[in-house]
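In the block that follows, a single chain appears as structure tokens, in the form predicted alone.
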Amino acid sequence: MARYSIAIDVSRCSGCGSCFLACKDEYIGNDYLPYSLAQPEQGHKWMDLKEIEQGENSKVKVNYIPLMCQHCENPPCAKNAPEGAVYTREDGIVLFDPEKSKGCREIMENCCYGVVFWNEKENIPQKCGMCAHMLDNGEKAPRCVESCPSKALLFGDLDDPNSEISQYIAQRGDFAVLNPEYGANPSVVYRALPSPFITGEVILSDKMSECCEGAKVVCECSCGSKFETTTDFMGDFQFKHLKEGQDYTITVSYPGYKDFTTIVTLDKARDLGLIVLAK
């Protein structure tokens, strides 16, 4: 049996909203019984785009995280729900029964990811069902995946080692789930989730009007990891995917100039600003 998943590469997501609009187009005004009733026109975001802004001064980076039902192996939404109201299919898709879930707000309230919405008119909880009605009718992927112009979303069968999604995850090896501390074991996985970074700009004290290209920059973490880069043609450098809460020692060096060293306690993305290397 298949075990369906969506793999999301956040680095490819431009925040265009195509996935969001495709979901609206598929579900607003359309019942797909026994899978779901129509999505209300207002208030529901079965597919959402979370905008994450990091950085300071002129060094700011914006990421977009497509967020929908995570189709958890241990769905928190099922806790204390009426029998059959929340069920997991053999292919791993988690669905709400539109009849058995009536009046059960606990289903919405127990979702730790905040991706379940309440339909006031129908008195039921609703969410992304991974377009199960489409898949059962022979479609190859949910609407959100079909609509993504940057191929940030990839759908497939994790139990098939030859599937595109399995091979892609195996090749990259750096996918993770959202909030693993919840213990929900989601089926949806992400790559390049936003994490703190350290950036800065280097110039030379006797050449203040010029950018310092090729300066060596070393980043050493208190956890033991070490990274190295060189400044680009604008004199800029950046270390990505760092760990929040760690101390990082940044050392900048250039032949004929004194080294610059500073220690950064990373509580957020940090811009070290203009670093001037003295003779």
Partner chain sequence: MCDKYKFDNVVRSTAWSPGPGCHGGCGVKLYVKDNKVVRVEGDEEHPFNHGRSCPRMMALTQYMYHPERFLYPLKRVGKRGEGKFERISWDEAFDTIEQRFNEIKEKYGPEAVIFAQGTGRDIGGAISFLCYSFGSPNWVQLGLSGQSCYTPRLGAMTMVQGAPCVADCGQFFEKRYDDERYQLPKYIVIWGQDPSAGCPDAFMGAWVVDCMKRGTKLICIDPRNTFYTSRAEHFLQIRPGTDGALAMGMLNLIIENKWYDAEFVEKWCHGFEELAERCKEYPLQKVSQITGIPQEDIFAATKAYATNNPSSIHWGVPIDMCPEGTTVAQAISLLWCLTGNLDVPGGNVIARPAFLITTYPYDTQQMKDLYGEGIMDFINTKRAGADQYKYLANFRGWAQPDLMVQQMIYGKPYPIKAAWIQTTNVLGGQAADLNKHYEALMNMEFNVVVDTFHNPTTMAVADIILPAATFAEKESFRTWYTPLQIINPAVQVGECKSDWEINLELARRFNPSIREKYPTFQHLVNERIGAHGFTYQKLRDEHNGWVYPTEGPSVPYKRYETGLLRRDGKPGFETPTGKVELWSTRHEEFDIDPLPFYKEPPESELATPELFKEYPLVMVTGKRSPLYFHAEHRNIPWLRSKDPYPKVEVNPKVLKELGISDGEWVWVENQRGKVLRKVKASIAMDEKCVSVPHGWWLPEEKGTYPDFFKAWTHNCNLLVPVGNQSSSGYGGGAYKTTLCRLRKVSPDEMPMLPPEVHDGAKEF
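Numbering follows the first chain given and starts at 1. Here the structure is a predicted model, which means the values were calculated and not measured. Take the two forms, find the largest set of C-alpha atoms that superpose within 1.5 Å, and that set is the rigid core.
There is another form of the same protein, the form predicted together with the partner chain; it is not shown, and what comes next is about it.
- In the predicted bound form, the partner chain sits beyond 4.5 Å of every heavy atom of Val189.
- Mapping the unseen interface onto this chain, Lys216 falls outside it, with no heavy atom inside 4.5 Å of the partner chain in the predicted bound form.
- Taking the partner from elsewhere, Thr199 is found to have every heavy atom lying beyond 4.5 Å of the partner chain in the predicted bound form.
- In the predicted bound form, the partner chain lies farther than 4.5 Å from every heavy atom of Leu266.
- Residue-level contacts in the predicted bound form: of Glu73, Glu146, Asp91, Glu122, one residue has a heavy atom within 4.5 Å of the partner chain, and it is Glu146.
- The partner is absent here, but in the predicted bound form a heavy atom of Asn63, alone among Thr249, Asn63, Gln246, Ser253, sits within 4.5 Å of the partner chain.
- Stretch 130-138 is the contacting one of 103-111, 180-188, 130-138, 77-85, since its residues have non-hydrogen atoms within 4.5 Å of the partner chain in the predicted bound form.
- Using a 4.5 Å heavy atom cutoff, Ala22, Gly55 and Ser150 all lie near the partner chain in the predicted bound form.
- For the partner-free chain shown, Val10, Ser11, Arg12, Cys13, Ser14, Gly15, Cys16, Gly17, Ser18, Phe20, Leu21, Ala22, Lys24, Asp25, Glu26, Ile28, Asn30, Asp31, Tyr32 of 7-37 come within 4.5 angstroms of the partner chain in the predicted bound form, judged by any non-hydrogen atom.
- Relative to the superposed core, Pro40 shifts its CA atom by less than 2 Å between this form and the one not shown.
- A displacement of 2 angstroms or greater separates the C-alpha positions of Lys240 between this form and the one not shown, with the rigid core held in common.
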